[in-house]
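Coming up is one lone chain in structure tokens, specifically the form predicted on its own.
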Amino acid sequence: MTERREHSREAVIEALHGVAAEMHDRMSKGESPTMSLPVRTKKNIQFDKRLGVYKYGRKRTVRDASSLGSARQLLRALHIIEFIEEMIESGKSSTLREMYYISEGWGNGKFGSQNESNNLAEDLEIVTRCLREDFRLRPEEDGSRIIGNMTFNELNRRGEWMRINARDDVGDSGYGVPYNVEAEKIELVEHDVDFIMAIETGGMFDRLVENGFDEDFRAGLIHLKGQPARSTRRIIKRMNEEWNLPVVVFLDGDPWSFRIYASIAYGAIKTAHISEYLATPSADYLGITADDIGAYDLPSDDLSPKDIEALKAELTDPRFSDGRWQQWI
């Protein structure tokens, strides 16, 4: 079973200070400060047989202050470290978008886009071996919705544990998963289901709920909301491992759905540094394939140029290298 890495507030701050101290030490020696990171592209992910997921490989890139662009990234990293430390010290949290807007006051360190600030926060995860949840940073979007006879304990903002059954104690929208689903925030208490079904679209999730699918077939239903948030992938993995529940992923038959499945079962490229905490290798794909459309003469739309481009990209993606995917794609 994959255990969550525990980091006290002191340990997180110490890890962040270590990044700043390394830059300071190099500058004290008259050398350019640096930050070494793995190359974060599909060309540098490889299958980890021990963990059963895709992780970053050995290719690395080094940022140093010898170029203006890299120097600005190092400056931004120091600003983020200071920002995170202030949040941890005050017991507060922030959204990634709020951090991006706050950077407007960082002078030369301000970000040009939120994507830049998101990526740098992930970079700091890699070099500190901490998680975004340890940094008190949360995404803007909500996590998944869950319906089914499963009971959780959730620590609320007043520091009190609340017992919630995702069938009996919620409305039709289900139990809303928070951004932090680690054991200090969410406890998996008990369940009376036979499997977990992760569903891509809200329409199909709502239809299955209306039809009582969760009760009739003893299922735990999870709405992925398209490309699933990290908290969604993490709680799926926890339920799979801690409750020993099989997982099926119910998707549309298009290249974007294939990527959704890959992020759940194999690990996403952007978060390959923590695939062992987010990916569920035993998850099964459930949905229409191109073979089904041909075999059963199903109605379909023509592929758009973007669809075709996505399929070509998947053909060179290591996560889709086995014969089954090469045939489907």
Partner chain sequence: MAASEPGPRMQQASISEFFEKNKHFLGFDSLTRSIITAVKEAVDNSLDACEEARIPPVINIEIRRVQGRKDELILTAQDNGPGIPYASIDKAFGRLLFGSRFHTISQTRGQQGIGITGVVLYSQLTTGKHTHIISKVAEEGVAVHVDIGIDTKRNRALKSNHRRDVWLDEHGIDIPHGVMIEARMKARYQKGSKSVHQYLRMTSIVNPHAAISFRMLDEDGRVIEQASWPAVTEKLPAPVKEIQPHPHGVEIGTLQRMLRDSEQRRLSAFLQKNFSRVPSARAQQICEIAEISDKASPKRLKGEQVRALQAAFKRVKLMAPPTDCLSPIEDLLIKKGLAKAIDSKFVTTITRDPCVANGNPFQVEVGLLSGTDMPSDSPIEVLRFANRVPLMYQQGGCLLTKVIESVDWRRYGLEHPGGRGIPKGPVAILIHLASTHVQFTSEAKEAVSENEVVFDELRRALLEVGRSLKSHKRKSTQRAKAREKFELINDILPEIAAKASQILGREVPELTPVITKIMKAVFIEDEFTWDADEKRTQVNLVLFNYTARPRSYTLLAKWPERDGVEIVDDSHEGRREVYGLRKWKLDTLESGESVTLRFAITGLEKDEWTETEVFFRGAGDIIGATRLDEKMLDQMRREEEAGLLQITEPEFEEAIEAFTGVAERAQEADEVGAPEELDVEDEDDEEAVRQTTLEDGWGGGE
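Residue numbers count along the first chain shown, from 1. Model, not experiment: these values are computed from the prediction. Between two forms, the rigid core is defined as the largest C-alpha subset superposing within 1.5 Å.
Absent from the display: the form predicted together with the partner chain. The rest refers to it.
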Discussion item. With the partner left out here, check for me: in the model of the complex, does some heavy atom of E31 sit within 4.5 Å of the partner chain?
Written reply: yes
Practice prompt. Examine A71 and determine whether its closest non-hydrogen atom to the partner chain in the model of the complex is within 4.5 angstroms.
Written response: yes
Discussion item. Can you tell me if R145 lies within 4.5 angstroms of the partner chain in the model of the complex, counting non-hydrogen atoms only?
Written reply: no
Item to complete: May I ask you to check whether E210 falls inside a 4.5 Å heavy atom distance of the partner chain in the model of the complex?
Response: no
Worksheet item: Tell me, which of V170, A219, L75, L120 has a heavy atom within 4.5 angstroms of the partner chain in the model of the complex?
Response: L75
Worksheet item: Just one of E82, E190, E140, E184 has a heavy atom within 4.5 Å of the partner chain in the model of the complex. Which one?
Response: E82
Item to complete: From the candidate stretches 274 to 282, 62 to 70, 46 to 54, 298 to 306, select the single one in contact with the partner chain in the model of the complex, where contact means a heavy atom within 4.5 Å.
Response: 62 to 70
Fill in: All of A21, D25 and N108 with a heavy atom within 4.5 Å of the partner chain in the model of the complex
yes
Practice prompt. Determine, after fitting the two forms on their core, whether E86 shows a C-alpha shift of 2 Å or more between this form and the one not shown.
Written response: yes
Discussion item. At a 2 Å cut-off on C-alpha positions, does E309 qualify as shifted between this form and the one not shown after fitting the rigid core?
Written reply: no
Item to complete: Examine K49 after superposing the rigid core and state whether its CA is displaced by 2 Å or more between this form and the one not shown.
Response: no
